[in-house]
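Both blocks below hold the same protein chain, though in two forms, and each is given as structure tokens: structure 1 and structure 2.
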Structure 1
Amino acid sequence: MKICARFFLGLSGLILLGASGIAQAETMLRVGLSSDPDQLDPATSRSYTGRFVFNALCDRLVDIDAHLDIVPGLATQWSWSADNKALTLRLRQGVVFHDGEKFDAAAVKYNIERDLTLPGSTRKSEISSVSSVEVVDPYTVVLHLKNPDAALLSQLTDRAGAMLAPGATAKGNVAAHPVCSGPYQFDSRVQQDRIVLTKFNQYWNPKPYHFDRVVFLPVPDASVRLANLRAGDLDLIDWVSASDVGTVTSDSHLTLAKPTPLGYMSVVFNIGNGQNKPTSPLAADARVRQAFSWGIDRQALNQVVFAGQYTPANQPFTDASPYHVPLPIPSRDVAKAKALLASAGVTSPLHVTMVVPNEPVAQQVAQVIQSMEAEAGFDVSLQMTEHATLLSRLSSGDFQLALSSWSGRPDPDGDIYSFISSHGALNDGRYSNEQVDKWLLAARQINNQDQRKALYTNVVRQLQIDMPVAYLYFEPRIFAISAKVKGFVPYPDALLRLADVTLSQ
């Protein structure tokens, strides 16, 4: 009897121990990223995947919602002055950084000034319109601008609006150990292996955040990333290839999330970049570029390469954006292409060379274009070029045609100004049209959405005529998620927001 009692006592103790073990089991979300983030300093970071980490780690002054509207972040209210040259931000009270330092207007001033002055800051150009930051009271700050900048608020939804703790940041070493005020704090990092964040217990809005730990694991190969998810070693992965979508949808343990894409792929024509001014008819005559665009069947391209998962494009503004210009996607018209070539006095086939990123999907896109253009009067040679070389060639103008992509921004200015305005840093083809420059500048300086839309519509219509860039498709960054993960909402910026995301065991 005694032995029996002891046995049951021991057994129940074990069960209790086990149960408490389960109750205390750490909840952890493992996120597979398509590349290893670079520096974890929002001021110098340049990688797309770095933004995933910042989203969990750092609060931003403002944020976007699923409809690209700007919503409160660390700033709860904002207002523009009558001349659009001062932005007043009212800040949230009771927010502390991960090291206990208080968040206030002085911290905002410190961060904005740091972004503007830090050598190597990649945020500088995003907020270059800011001339000074004025602390009005501990929770009010005014950004004074050199000139009106309608895109500024949208820039503050991303890294330029991420707030670091001034005390810890001043000591240096931010890139290796950032101190912010987000729901999760930095724990550790092994380069090319993992970034570990842990729950921040003093977060001002703890309720929606359910994980004790969030681990980001860079797995660059898309098939390996998916294999890891299917094997249960990851809970959520970024950037599923269109060709793997079928595998994900047929697996009952997985779900798929396809955010509205902001980023696009395009063919850039070199119109005037390079020491030897391009002399090809492509550079000289807009009709030849139009002919090239008419030669492409964007729907077929989407079907062949992306299994119909992507959205054909004829402009830089995604159809979910309020700035999208309702122009029909041109269907392929070989006769028109040939007629345009003839009217430009070009004897076809016109031999042209296209620089293409050295990756399988881009190569397929280029090959499909090559075969379509062969019928439209272009003999396209492809030059597969690895990423770093491609950037150099684009920058120096060592190309005729180039396949070039952009990750997209919530505000239309970020998707067009640098690419199309005469002195834009990303205007690789050196397209220049004075009227377009004026429209772009005006759209940058007005805060009224309707007026901006009218200006961007003008620009997009003009681009159909001048054709400096042939837009091909919008590129959604598709997520695959374990069925255990609930509450994931895809946002158009394709970043991971962890609020209300849970994981069932």
Structure 2
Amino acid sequence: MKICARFFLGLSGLILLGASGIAQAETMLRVGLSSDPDQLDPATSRSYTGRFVFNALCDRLVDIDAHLDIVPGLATQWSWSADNKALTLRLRQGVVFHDGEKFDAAAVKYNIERDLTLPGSTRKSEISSVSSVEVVDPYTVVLHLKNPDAALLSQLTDRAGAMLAPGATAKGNVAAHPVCSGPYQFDSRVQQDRIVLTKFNQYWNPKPYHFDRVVFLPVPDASVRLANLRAGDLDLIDWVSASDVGTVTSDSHLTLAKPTPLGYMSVVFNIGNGQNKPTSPLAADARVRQAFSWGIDRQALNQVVFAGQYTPANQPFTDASPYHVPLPIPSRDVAKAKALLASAGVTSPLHVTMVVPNEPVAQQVAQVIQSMEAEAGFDVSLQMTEHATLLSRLSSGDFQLALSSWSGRPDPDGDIYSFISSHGALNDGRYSNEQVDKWLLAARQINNQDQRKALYTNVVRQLQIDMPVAYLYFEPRIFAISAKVKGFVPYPDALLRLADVTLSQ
């Protein structure tokens, strides 16, 4: 009954769209989102689904391609100073915002400074290395940095690089009516029901964009979202559950798209966090943490919980990343796990407690690990905890083991520095290795990809020895698409890009 009720709720939104006067001849793409986006202001937005809307609404200074390489956006060229403390951007000419205001270097300065100073800005930390913005000429701008920041350009591929029209933005009410320069402009929004964008006729690159309107409809229930798609009331949906993949692939009217994911799930070991330093052998001896990792069959975990749809992991860098380290996923080795425990002087079973998010899938993952570890010499107790409480316990050190996830970032620094460096804000286990810190800092301060990859390879290999984190799998955001939709390309950041997407009638 719950599914039916939500299904008809979704339909009602579409009926309302028809009643609002959308002509039959217009082309319209209907996108089912897993949640309603929060504020439509790139500076304060926090939601994943909000990024779907921004991708259609707001051009960014730079973008990524399907291989995570940075490609031109509103900035057509960029260069670093010799000391890597100044980033010069050459801007695209002939671009106007949706209200007709011209895009130029002054607009970039306005947006970057707004992100840095706006109360409540969630972009501030992403570009905190910027000390000042210099307008060199109408189409050249220089970002001066407090310190080298190799991840800065990557930050500008997302909301920190989204450009709002300064004049309209200065009047306020941005979140309710954002004015950008993207291929589609804001039309209307009904909270929890729909966001409507219309084609921007003065867009600088109109040919790849084929819809008169794009409508985003939040349908939180995954089953209802899929039912709406199968009924023809949606054209594309995000976050198909692994259990529904078979339904999608067996339906000739649908196609499945599974981007190579950036985000990962891991087990974090508390090595030194908390008022009372952890005394467990897990904290004191890396061999015990290695034993725990050898006790996990990552392939079996993927098959049992995710029907083989996910990708086993042994590092934070997905194989879509140029920084991926080609280390084979370890096979489960119970004998090796027991030998490591014995060499560490541990009498098995070793009793340990793992904190787990109070979510069905996470619980299932934890229970599979619990069962595997029982054979490897560990007696794992599970503590199911509400997500916000789990985050608080991670920060305070109130845990021994914890199941912890990360959504992933295009630049490797965002996937490892905060979690592994001795002073990282998200280093919940308080792992500390002076050499690893040096490698991480060096990788942050140089821009040469080969040199950075060599440094990150050193780090990943050292983590196999120190084992502060046992990486489990990369989590894809799976799309289901009507067979009428052509040209959709899944990207590793799992965002919707509408260039060259068409819809047959």
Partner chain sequence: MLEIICKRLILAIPTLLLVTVMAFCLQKLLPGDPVLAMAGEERDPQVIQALRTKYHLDDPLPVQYYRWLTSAVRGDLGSSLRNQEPVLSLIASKLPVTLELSVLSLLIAMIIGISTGILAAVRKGSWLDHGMNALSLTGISIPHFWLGMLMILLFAVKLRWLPASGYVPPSVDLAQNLRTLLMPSLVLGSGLGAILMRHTRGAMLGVLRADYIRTAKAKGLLPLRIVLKHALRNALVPIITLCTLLFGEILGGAVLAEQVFTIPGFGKLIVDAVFNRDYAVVQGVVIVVAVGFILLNLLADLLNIVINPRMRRA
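Throughout, residue numbering runs from 1 along the sequence of structure 1. Since we're looking at a predicted model, the values are computed, not measured. Here the rigid core means the biggest group of C-alpha atoms that line up within 1.5 Å when the two forms are laid on top of each other.
Trainee: For this pair of chain forms, which number matches the form predicted alone?
Mentor: Number 2 is right.
Trainee: V240 and A170: same rigid part between structures 1 and 2?
Mentor: Yes; in the rigid-body motion between structures 1 and 2, residue assignment puts A170 alongside V240 in one part.
Trainee: Rotation (°) of the smaller rigid part relative to the larger between structures 1 and 2?
Mentor: Spelled out, the smaller domain pivots 10 degrees relative to the larger domain.
Trainee: Keeping the rigid core superposed, can you check how far the CA atom of L382 moves between structures 1 and 2, in angstrom?
Mentor: So the C-alpha of this residue moves 2.9 Å.
Trainee: In Å, how large is the CA movement of A342 between structures 1 and 2 relative to the superposed rigid core?
Mentor: Its C-alpha moves by 4.3 Å once the cores are overlaid.
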